[in-house]
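One chain follows as structure tokens, the form predicted on its own.
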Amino acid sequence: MREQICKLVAEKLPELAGVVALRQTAVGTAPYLFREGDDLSQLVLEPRYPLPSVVSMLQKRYPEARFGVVARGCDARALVEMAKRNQIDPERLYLVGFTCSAEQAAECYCAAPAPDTAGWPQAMVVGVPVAGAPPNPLVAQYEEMSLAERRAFWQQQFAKCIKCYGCRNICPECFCEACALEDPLWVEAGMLAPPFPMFHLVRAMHMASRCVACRQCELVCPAHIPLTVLYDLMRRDIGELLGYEPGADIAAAPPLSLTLADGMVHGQDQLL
């Protein structure tokens, strides 16, 4: 698959300002903007990293340039939600999608391990799609708990939080210029663990119609808080109450944003 992606990237580079992907060198692996003439043998697909955030920064810095990005299914979903909130311009982005393996899908409890390019202006997907993985069993266990047991569960989990902001910083859907999690009105400075339950519930409310189940927040959490349980439940409720699935349809308006006729999005979202 990596060879197929490298071949596709090489074919597209002459018409793009560059393609965002991971590059592995003797120093380590990091996001990189591959340009025409670069050594594509250094392009790798692991480890997982939220490349959509890099795309957003590049497009804001170079508003006339066309870029490409190598993206997993969750990356593609993140880009869809970012496009709706003017954080990326899909018309200036070529999506080089690739499918995750069944093992990778199981690790993330991912129901959609292949990018969905329906409605995407310019895209190509490499790899054979695999079936989605079963949901996180901890969600089913949580739903069997009483209300008191659920409250005790989250008190125990959130008490481990060291307020490192890793969950916020890694998330491709966290892009507010002024973060409520740094506002002393909601989260008092210098307190560890942060007061229950404001820190995590404020962020959950902001992610309600944005979370695309990439699981990055849980993977980077040094306290091993099962954050995807919270976000899986939030995503389920948004689907049942508002009929909306984050990242599924690039043409569907996000239900918790106010969108004007000229396409500008206000409220939590910032303009590109």
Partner chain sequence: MQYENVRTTCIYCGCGCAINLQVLDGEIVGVFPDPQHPISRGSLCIKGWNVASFVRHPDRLATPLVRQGEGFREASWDEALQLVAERMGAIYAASGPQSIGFLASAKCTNEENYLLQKLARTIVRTNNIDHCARL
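These numbers were taken from a predicted model, which means no experiment stands behind them. Positions refer to the first chain, counted from 1.
Heads up, the form predicted together with the partner chain isn't pictured, but that's what we're talking about next.
Peer 1: For the three residues Thr117, Val126 and Ile250, verify that every one has a non-hydrogen atom within 4.5 Å of the partner chain in the predicted bound form; reply yes or no.
Peer 2: No.
Peer 1: Wondering, does Asn169 line up within 4.5 Å of the partner chain in the predicted bound form on heavy atoms?
Peer 2: Looking in the predicted bound form, residue contacts with the partner chain include Asn169, since a heavy atom lies within 4.5 Å.
Peer 1: Could you confirm whether Gly68 comes within 4.5 Å of the partner chain in the predicted bound form, counting heavy atoms only?
Peer 2: Contact check for Gly68: no, nothing within 4.5 Å of the partner chain in the predicted bound form.
Peer 1: Against the partner chain in the predicted bound form, would Pro50 count as a contact residue? Criterion: heavy atoms within 4.5 Å.
Peer 2: Result yes; Pro50 sits at the interface with the partner chain in the predicted bound form.
Peer 1: Considering non-hydrogen atoms and a 4.5 Å limit, does the partner chain approach Leu40 in the predicted bound form?
Peer 2: Leu40: no, not in contact with the partner chain in the predicted bound form.
Peer 1: So which of Ala102, Ala111, Ile162, Ala140 reaches within 4.5 angstroms of the partner chain in the predicted bound form, heavy atom to heavy atom?
Peer 2: It is Ile162 that has a heavy atom within 4.5 Å of the partner.
Peer 1: Using a 4.5 Å cut-off on heavy atoms, which residues of 203 to 222 contact the partner chain in the predicted bound form?
Peer 2: Read in sequence order, the residues that approach the partner chain (within 4.5 Å, in the predicted bound form) are Leu219, Val220, Cys221, Pro222.
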